[in-house]
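As a starting point, one isolated chain is supplied in structure tokens, in the form predicted alone.
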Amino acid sequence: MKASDVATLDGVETVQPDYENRDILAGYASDLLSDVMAHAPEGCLLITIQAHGNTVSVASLAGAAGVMICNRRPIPDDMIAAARAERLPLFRTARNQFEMSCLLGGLLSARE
């Protein structure tokens, strides 16, 4: 699945639309950025509630293909600017992390 496929999911808002349309190979849900750096797989969609610029930096460092902010958290302008600079898709949903993880996992499993 591509990042652009995530953008079309019901209830998903694309906050930063100027991105490289990479393959989403997995999901990784975590709010602890050191955990993301140590364990997030390359090409994952990072599913988190951490809405700040450091999240984008860590996602980029880990090789994530995008970031999903859950619980309809407000996203500050500096986070959007950081995602734009990295050409990283930034999405938001009202779903919580568990719900978003289940949805993404089901979609990725169905494509195998």
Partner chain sequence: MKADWHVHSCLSPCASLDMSPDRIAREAAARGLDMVALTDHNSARNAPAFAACCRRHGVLPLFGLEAVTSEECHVLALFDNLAAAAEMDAWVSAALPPVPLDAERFGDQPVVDEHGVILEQIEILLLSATGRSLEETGRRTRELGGLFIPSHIDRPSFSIESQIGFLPPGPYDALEVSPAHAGAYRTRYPDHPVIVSSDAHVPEAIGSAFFDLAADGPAVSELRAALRQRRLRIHT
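Numbering follows the first chain given and starts at 1. This is a predicted model, so every value here is computed, not measured.
Another form exists, predicted together with its partner chain; not displayed. Remarks below refer to it.
Quick one: from Met79, Cys70, Leu33, Ala29, grab the residue that has a heavy atom within 4.5 Å of its partner chain in the predicted bound form.
-> It is Leu33 that has a heavy atom within 4.5 Å of the partner.
With a 4.5 Å heavy atom cut-off, would you call Arg87 a contact of its partner chain in the predicted bound form?
-> No - in the predicted bound form, heavy atoms of Arg87 and its partner chain never come within 4.5 Å of each other.
Should Thr48 be classed as touching its partner chain in the predicted bound form when contacts are defined as heavy atoms within 4.5 Å?
-> Close contact is absent here: in the predicted bound form, Thr48 is far from its partner chain, nothing within 4.5 Å, heavy atoms only.
Kindly confirm or deny that Asn54, Ser57 and Leu61 each have some heavy atom within 4.5 angstroms of its partner chain in the predicted bound form.
-> Every listed residue reaches its partner chain in the predicted bound form, so yes.
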